[in-house]
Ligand code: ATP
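For reference, the chain that follows is the form predicted on its own, supplied as structure tokens.
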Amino acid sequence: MPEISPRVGLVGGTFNPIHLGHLMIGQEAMTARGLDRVLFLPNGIPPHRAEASVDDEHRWAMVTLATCSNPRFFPSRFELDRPEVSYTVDTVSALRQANPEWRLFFITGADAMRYQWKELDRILGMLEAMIIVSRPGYDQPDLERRIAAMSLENADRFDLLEAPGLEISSTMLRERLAAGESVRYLVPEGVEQYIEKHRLYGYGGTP
């Protein structure tokens, strides 16, 4: 009997810090599209943003803590340990070569579509699907128009998934921490405790 190729989701990001919104899109995509596992890949050198404001090993530790309670979530250092800029096209290509039996699904929030993706058509061609998770009330027709305007050969690999929305961003969390405000219930408990222990993002201690 032939082995079944695993359906593997990829969630990339700076994760500075990782929060419940990141975990939610991974879970929603996994449930809705029958994924076997989801890898969370913190960037080493992100192409669209400034370098992370905390040490890479702190971000790695927080991703590990955030994913440990879900047996189908796995942290991956695949991008973190690469010395060059983390472009999605290079990551997907390298993962395909290293794991040819995997069926890859890239998972991202709808807001990420505002960026210019390097070799987007090639990325899509290497994936089973790029799952774009949007929240209720998000302008999905506008997103569909933008995708159509790209005139990509592999545009049929886009998979729009509406999921419950969490209005959380890493930027907002860093601002709250710098202002001495709590991030409880916005990040996993282990991540909150790690931030407190290491006094990250200007954290000064809040009840």
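The structure displayed is predicted, hence computed values, not measured ones. One rule holds for the numbers: they count along the sequence shown, beginning at 1.
Only in words, not in the display: the form predicted together with the named molecule, which the text now covers.
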For the three residues Gly9, Pro75 and Thr88, which mark the spot I'm curious about, does each lie within 4.5 Å of the named molecule in the predicted bound form through at least one heavy atom? no
Answer with yes or no whether Arg103 is in contact with the named molecule in the predicted bound form, where contact means some heavy atom within 4.5 Å. no
Would Ser170 sit within 4.5 Å of the named molecule in the predicted bound form, counting heavy atoms only? yes
At 4.5 Å between heavy atoms, is Val183 in contact with the named molecule in the predicted bound form? no
Given that the named molecule is not shown alongside this chain, does Gly13 nevertheless sit within 4.5 Å of it in the predicted bound form, heavy atom to heavy atom? yes
Answer with one of Arg174, Arg37, His58, Arg33: the residue that has a non-hydrogen atom within 4.5 Å of the named molecule in the predicted bound form. Arg174
Exactly one residue in Leu160, Ala178, Ala148, Leu166 has a non-hydrogen atom within 4.5 Å of the named molecule in the predicted bound form; which is it? Leu166
